[in-house]
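Okay, so here's just one chain, in C-alpha cells, the form predicted alone.
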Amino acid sequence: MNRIARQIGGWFEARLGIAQALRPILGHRTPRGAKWWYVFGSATLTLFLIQVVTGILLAMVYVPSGDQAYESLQYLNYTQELGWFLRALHNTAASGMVVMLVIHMTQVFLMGAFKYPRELTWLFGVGLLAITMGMAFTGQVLRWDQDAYWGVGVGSAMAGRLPIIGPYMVRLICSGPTIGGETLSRFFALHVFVLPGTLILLVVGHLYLVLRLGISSPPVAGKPVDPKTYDAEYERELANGVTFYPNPIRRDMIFSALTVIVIVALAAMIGPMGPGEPPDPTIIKSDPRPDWEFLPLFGLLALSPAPLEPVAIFGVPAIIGLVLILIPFVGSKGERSPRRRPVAVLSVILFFTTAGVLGWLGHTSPWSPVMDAWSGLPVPERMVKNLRPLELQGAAVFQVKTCRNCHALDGIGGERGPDLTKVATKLTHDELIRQVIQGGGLMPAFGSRLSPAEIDAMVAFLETLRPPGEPPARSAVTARR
C-alpha cells in the first residue's frame, strides 16, 4: 500500500510540482528569536479559511431575496441538520478573525515591525482590516431582521450626509430610493463576491511580501532601524536563523489548532446570532444596534451633539484610517523596542481604553428614542392633577410634540434625554425657555417648531415638575438677593 501511495503521489508531483513549489516557502529562513508572538497572522488566515468554507455552505441554502431571506435563515436554524451550528461557526469565526487581526496589527505596531523595509506589508494589513470590517457590516445586513433593516437605514442616512455625493451614495447603498429586496441582493453580492475576492487578493499580496521581505526579528532596545545598514544586518541574522519548517510552522499550527478548538466550542455554546424580528418598515419602534465591532462608533455617535455628528460619522474613521496609513512613513526608522517607544505604548493603551469605554456605552446605554412614547405613554395622572388651563395645555403640547420619546416622566418614556420629573428644581423659568428654543447637548432646537404660545404653555407645565414642598430653581442673581 505504501508503494502504491508513493507511486500515486509521485505521479501527481511529476505533473503538479507541489513539493517543488512549497520547498522555497518551507525552507525560507526566519530570525531565531521569532517565536510565539508571531503566530497571530497564521491564526487570522485560518479563521478566514473557515469563513470561506462555512460561507460557501451557507450560500447553498440562503436565499438573498427580500421575501425569502428571513425564512431561509429560520430554516437553517431549526430545520436544516446542523444548520444552526454552521451559522454559529460562521459568525463566531468572523468575530475571532477581527480579534486576531487587531491583535496581530497591535503586535506589529508595538514591535516596530512596520518599519523599513516592511512599510508596504503594513499597508496591506490596513487594507485587510478595512475589508474585514466591511465583511462584518455586510454580514449583519444579511440577517435581514428588524435590526438589519433599520441598520441599513441608519447607514444610508449617514452616507447621505456626505457633501455633493450624499444622494448618490444612498442610491448606491439601497439600490434605489428605498430599502428593499434589491438592497439585500446588493449586500449579498458585496459579502459573497466583491469583499472576499478583494480580501483574497490582499492576503496573497501580504503573504508575498512576508516571503519576499521576511518577518522582522524581535526588537532589541538600543538597536534602531537604519535603512542604510538594515538589509545587511538582517541577512546576517537570517544566516544564524532557522527554516520555517519544522519549528516556526509547528508553532503556527499549534496556535491555529487551539484557536479553531476555541471557536468551535464557542459556536456550540453560544449558537447562531439571530435573526430577530422579521423586517417591517411600518414598525418604527426599533433600537438597531450594530454588532460588537461597531459599538464604539455607535457609542460615539449617540454621545455626539447634532452639529458634531458628521465629524463622528466621517471624521473619526477618516482620521483613524489616515493615521494607520501614515504610521510606516512617519516612523520608518529608529527604535523598535516598546521600551524605547513610550508614545507608541501609551497610544495603544489610550486607543483600546477609549474603544472599550465607547463600546460598553454603546452596548448598555439606551440612547435611542422610544418612538411611540408620545402616543402610548400618557403623562402620569398625578402630574396633571389640579393644573391650571395653561399648564394643562403645556402638558398636551409636551405630549403631542413627541417630547416623551426622548424624555421620561417618573422613569417612564425615552432615555435619550434626562428624566424631567424634577426639572423645575434644576432650571429656572428663563433657562427652561432658552433650552426649549435653542436646544443644547443632544437636544435639538425647537424654536422654529413651536409657536410662542406653545412655548409659554410648555414652560408653564415644566415649571410644575418638582416634588411637593420642594422650592423651584432660582437664578444666581435672585439667590444673592
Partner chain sequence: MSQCVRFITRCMALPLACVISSGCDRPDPANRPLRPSEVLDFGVLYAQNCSGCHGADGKLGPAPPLNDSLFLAMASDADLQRVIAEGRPGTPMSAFARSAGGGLTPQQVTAIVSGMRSKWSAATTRPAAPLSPYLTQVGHGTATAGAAVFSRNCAICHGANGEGASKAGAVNSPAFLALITDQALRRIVITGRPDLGMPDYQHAADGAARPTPLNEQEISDVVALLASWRQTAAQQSGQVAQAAGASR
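Positions refer to the first chain, counted from 1. Each form is matched to the other, and the largest set of C-alpha atoms that superpose within 1.5 Å is called the rigid core. What you see is a predicted model, and the numbers here were worked out from it, not measured in a lab.
Just so you know, the form predicted together with the partner chain exists too; it's not on screen, but the next bit is about it.
Proximity of G271, L390 and S451 to the partner chain in the predicted complex is complete: all three residues have a non-hydrogen atom within 4.5 angstroms.
Taking the partner from elsewhere, E381 is found to have a heavy atom lying within 4.5 Å of the partner chain in the predicted complex. Within 4.5 Å of some heavy atom of the partner chain in the predicted complex lies at least one heavy atom of P275. Among heavy atoms of A396, some come within 4.5 Å of the partner chain in the predicted complex. Shown alone here, G376 lies within 4.5 Å of the partner chain in the predicted complex, counting heavy atoms only. Heavy atoms within 4.5 Å of the partner chain in the predicted complex belong, among the stretches 163 to 171, 381 to 389, 232 to 240, 120 to 128, to residues of 381 to 389. Of the residues given (S337, S175, N77, T106), N77 alone sits with a heavy atom within 4.5 Å of the partner chain in the predicted complex. Here is the short version: of I319, V204, I261, V343, the single residue with a heavy atom within 4.5 Å of the partner chain in the predicted complex is I261.
For the partner-free chain shown, R250, M253, I254, A257, L258, I261, A265, A268 of 243 to 268 come within 4.5 angstroms of the partner chain in the predicted complex, judged by any non-hydrogen atom. R236 shows a C-alpha shift below 2 Å between this form and the one not shown [criterion: core-superposed Cα displacement of 2 Å]. Once you line up the core between this form and the one not shown, the Cα of N405 ends up 2 Å or more from where it was. If you fit the rigid core between this form and the one not shown, you'll see the Cα of M383 move by 2 angstroms or more.
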